[in-house]
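The form predicted on its own is given below as one chain in structure tokens.
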Amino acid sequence: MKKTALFTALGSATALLLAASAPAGAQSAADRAVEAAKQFAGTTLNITWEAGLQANDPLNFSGPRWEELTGIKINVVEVPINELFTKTLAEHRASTGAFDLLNVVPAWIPDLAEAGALEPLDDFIDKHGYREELADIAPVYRDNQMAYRGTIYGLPDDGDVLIMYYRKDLFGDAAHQAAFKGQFGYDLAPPDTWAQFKDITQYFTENRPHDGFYGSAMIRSPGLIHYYFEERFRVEGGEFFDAETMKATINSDIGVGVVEGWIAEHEFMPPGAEAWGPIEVLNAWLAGDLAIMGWWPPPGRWSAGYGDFEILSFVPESKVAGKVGYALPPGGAPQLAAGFSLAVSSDSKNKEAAYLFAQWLNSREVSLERVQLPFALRDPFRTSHFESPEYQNLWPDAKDYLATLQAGAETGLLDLSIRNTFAYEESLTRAITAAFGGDDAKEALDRAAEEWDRITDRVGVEEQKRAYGDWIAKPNAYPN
């Protein structure tokens, strides 16, 4: 399908709905951004975006439409997510002015703001009448992923949250329900605790409906495993630091229990699952070879078979359409893992034009179209997304899916976000990977805790104590 036809088809229903409901003569935040941006026609904006599926949004949808509306060309610079922070910081330190609009993981905002890499956005927001529309962004994103020390640096643009997907046909099967209760003494249902998750994994692996079927698989690969640790560690009562001394406490009995719990689960997962990344888990799920798994929001769309485009040719045909239930993970407080905010580079020579593109992308109506794109990875982050009749009718269970995402947006846990967060995450990942490889879990986490203390010393204990204090004061830093 040609690009113009693609975004015209996807956007027509949204445009009609908004046109019917908007007061006569009213101008939306998206319209204001377009009108103001026309003065910059002929400009090219260089924008960073996570490489891969994420980049299909500006490459194939929003970038071409923005150029059509304003005359401003969008040049997408694709960067792997594990290089995005370091590349952003390196370009700023070298004063290259290479980028205009930045995609940043919200947890990085304190470091990038302190480094002077991000342009404050408050004046642009007020000038172009966008502040009122920010109220529609779900509070957990709006209140925690925009500002640093009272200044707005980013517009939350991606509702990343780790939810559970389960086979409701298997969980609802009378024979499985009776057998499970006979073995474990309680009803078969989406797990409330991680101990129940292990029981479910064990049961379906031992009572598999077909060869090659396993109870579960979860993302365990380096670069992402720290998000799952942060979630489960806090749900089970852990805290990252002693708030008075700033000594790391990830090697507590709770932290060790998390890693040992994973190792015990691996016994009932597919061979090699301790190293599986997102694609391996997704492929097994769509093939109908898992009873339950955890992932970001996109499998909700793909499991239902929504989105038949060449760009998604790498995604196997779903064999679970109509059989999928959605749930929050055990403890009911999912990790708001990664996500993206739109920020303006302080080194840009086109700051206002870059901001206006961000306002248009992030606006109520345009963002609704973008989070429905089947070939991109932006996920619902506004109340109007969760409650959209259009989105709720994309497939039979879409309403349940959106309700689960909305619940996650209310109880979700923030990523750790202090100074030099990236270094702490890398250290934790090394420890977990070592334990998966056979090292004693306690010894591996002890090493990581020592590394964390050295990182804290380099940042400065008092400076890091202040940053950690700011973070733990936010709603959703720790479970309520």
Partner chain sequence: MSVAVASGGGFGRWADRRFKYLLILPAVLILLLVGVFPFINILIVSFQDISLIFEDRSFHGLLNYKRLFTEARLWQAILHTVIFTLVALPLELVFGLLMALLFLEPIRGRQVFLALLIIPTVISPIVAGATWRLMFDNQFGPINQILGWAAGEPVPIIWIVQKGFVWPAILIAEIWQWTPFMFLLLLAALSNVDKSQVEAAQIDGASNLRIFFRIVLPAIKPVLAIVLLIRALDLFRLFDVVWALTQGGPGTRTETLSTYAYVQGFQQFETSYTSAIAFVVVVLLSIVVVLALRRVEIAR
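Positions refer to the first chain, counted from 1. Just so it is clear, the model here is predicted, and its values are computed rather than measured.
As for the form predicted together with the partner chain, it is not shown, yet the points below apply to it.
**Message:** Since the partner isn't included here, can you check whether the partner chain sits close to all of 93, 222 and 271 in the predicted complex (heavy atom within 4.5 Å for each)?
**Reply:** Every residue of the candidate spot has a heavy atom within 4.5 Å of the partner chain in the predicted complex.
**Item:** 4.5 Å heavy atom contact, residue 69 and the partner chain in the predicted complex
**Value:** Looking in the predicted complex, residue contacts with the partner chain do not include residue 69, since no heavy atom lies within 4.5 Å.
**Item:** Residue contact check: residue 439 to the partner chain in the predicted complex, 4.5 Å heavy atom
**Value:** Residue 439 belongs to the contact set for the partner chain.
**Item:** residue 434 within 4.5 Å of the partner chain in the predicted complex, heavy atoms
**Value:** Although the partner chain is absent here, residue 434 would touch it in the predicted complex, with heavy atoms inside 4.5 Å.
**Message:** Considering non-hydrogen atoms and a 4.5 Å limit, does the partner chain approach residue 177 in the predicted complex?
**Reply:** Residue-level check for residue 177: no, no contact with the partner chain.
**Message:** Within 4.5 Å, heavy atoms only, one stretch in 49 to 57, 424 to 432, 27 to 35, 408 to 416 touches the partner chain in the predicted complex. Which?
**Reply:** Within 4.5 Å of the partner lies stretch 424 to 432.
**Request:** State the residue from 275, 134, 195, 264 whose non-hydrogen atoms include one within 4.5 Å of the partner chain in the predicted complex.
**Result:** Contact residue from the list: 275.
**Asked** Pick from 157, 100, 160, 111: which has a non-hydrogen atom within 4.5 Å of the partner chain in the predicted complex?
**Response** Of 157, 100, 160, 111, the residue with a heavy atom within 4.5 Å of the partner chain in the predicted complex is 111.
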